[in-house]
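Here you get one chain, nothing else, as structure tokens; it is the form predicted alone.
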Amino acid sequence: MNTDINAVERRQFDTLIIGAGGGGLRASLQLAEAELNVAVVSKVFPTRSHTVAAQGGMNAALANVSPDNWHWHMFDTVKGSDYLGDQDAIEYMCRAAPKAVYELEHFGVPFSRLDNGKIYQRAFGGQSQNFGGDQAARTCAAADRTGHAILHSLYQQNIRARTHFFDEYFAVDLLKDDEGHVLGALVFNIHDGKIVVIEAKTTLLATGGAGQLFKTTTNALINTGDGMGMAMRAGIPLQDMEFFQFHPTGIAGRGMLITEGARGEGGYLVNGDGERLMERYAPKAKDLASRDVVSRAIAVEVREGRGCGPNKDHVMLKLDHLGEDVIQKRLPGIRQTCITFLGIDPAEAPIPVFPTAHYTMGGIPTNRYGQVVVPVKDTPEEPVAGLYAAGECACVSVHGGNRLGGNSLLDILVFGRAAANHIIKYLKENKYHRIIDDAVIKKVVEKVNRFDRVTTGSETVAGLRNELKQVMEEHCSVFRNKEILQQGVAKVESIAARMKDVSIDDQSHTFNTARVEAFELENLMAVALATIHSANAREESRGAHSRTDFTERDDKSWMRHSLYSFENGLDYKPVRTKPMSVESFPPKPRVY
């Protein structure tokens, strides 16, 4: 690779979007339709982005099936967050939800329909009518392939709007000037290794989550926390990384997702004794309690010897009572997954399930306009000039300690659009490109070139990655305590220190895949450090962070967001408990 920075290709755009999932494509569409020059960089073809894997649906208080309104949705989201969510952002999201769904309908998303022609809505966990009353049906679905339908529709709309795509390019690092403005990023073509500097007046990170931190996960191999790693190397802390959601119903031992929609359609969990186990843990909501509650319940059942199978290491999800017609109409993808990978037809037999790593509730701290915000001396937080984030890589925070199913697709679309709208305003006041110092570019080019040839270190990328995933699985899972977490901190720190000795495999280097995997591992290391340190420090149980040595939620000491950075280690900032226009929901015991 050429090390002469004068020979490096440079491209200029109004906005650079890194990531082509739902958040990135919703933002790029808004910007392209405002006649701005937009570049979208994606390390995979856009329709392979992980939004395509979202199954169950998207929450919005349309009231098509049962009475509903945005305020009830807001209450459920605040409660679901275990009161750690920022209530102004939650109000904004829930108010915007119906419009977001109708926009998607007009973009061509083929939502499932009721007999009266309205959009079908199914029940999901943690939903209620009238602030904790009867079960609500709030999740708008396209069978069990909702994310697939949304992503393809958004991509087609972006092609129509002439968005510029850099498909199968890998973003290495953000570019900043001395005043802290983010000026774009350095990327390279995965196919031929060609480096491109993309200069942009504004940059939006929409790179998704980091499920590949864990050995067993619903996430694709691409979910390596790239945007979060880039942000940390740019001096930006990550927020609330201790809160990682384990989905209750991954296929046992394999991790593939069985949508919460399966329980929303009437499925239920049974233990090895044939009991409906959720009646013990959530007498009212039962199998539609929030995800952290259901995951812990399954883990407890297995730990106490009431699991299923020869090793009693999972429970069963029963759908066979629903009948073949309902399953084929509402859950066709789930049925095919089970037949293909398990040889089980859920219309005839139950599905073995166990909690599996699923969703990153923390991320890059933003406000409800999508601006990346960081604490500055004497002020709570200030925006990083020119930098935005949206979707799973961002922490607004609408999910707090636990995300409700159906709120993630809503999150990416609402805040992808909000970020784009703020970018449009920002560009009216910042019309010109700022100059990027050659020294800044040279530093990142040299970093890329570090993996431009076969290296012979004592460590392999695959070996370190597998070791990291195993450590995170064992030390930062559904249940945690001081001893387990402290051991995890030491092990992750040790693995991270060995990154300098990593070698590159000769064979795969032909297609630059080994180099991509090395950069992905660097990003995973950064995210792992933020996650394990934040979890070790939080001495309470809240949402998905469940400690056996601090079993109660402690609002007096821990009603605050964690922040972890390379430069400052751990810091904290207050939760925004004041909504935009309504009374706040004060913390209460969280029961379902």
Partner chain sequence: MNKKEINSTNYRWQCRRGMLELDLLLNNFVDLGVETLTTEQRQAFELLLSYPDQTLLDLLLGNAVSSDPEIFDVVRLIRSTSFN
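Residue numbers count along the first chain shown, from 1. Because the structure is a prediction, the values reported are computed rather than measured.
Another form, the form predicted in complex with the partner chain, is not on view; read the next lines as being about it.
Taking 293, 374, 230, 516 one by one, only a single residue has any non-hydrogen atom within 4.5 Å of the partner chain in the predicted bound form, and it is 516. This chain is drawn without the partner chain; in the predicted bound form, the residue among 520, 242, 91, 82 with a heavy atom within 4.5 Å of it is 520. Taking the partner from elsewhere, residue 310 is found to have every heavy atom lying beyond 4.5 Å of the partner chain in the predicted bound form. Not displayed here, the partner chain is approached by residue 53 to within 4.5 Å at the level of heavy atoms in the predicted bound form.
Taking non-hydrogen atoms only, residue 77 never approaches the partner chain to within 4.5 angstroms in the predicted bound form. At least one heavy atom of residue 339 is located within 4.5 Å of the partner chain in the predicted bound form.
Annotated contact segment (heavy atom within 4.5 Å of the partner chain in the predicted bound form): 43-51, selected among 66-74, 27-35, 527-535, 43-51.
Residues in 360-387 all lack a heavy atom within 4.5 Å of the partner chain in the predicted bound form. Compared with the form shown here, the Cα atoms of residue 48 and residue 328 move at least 3 Å farther apart in the predicted bound form.
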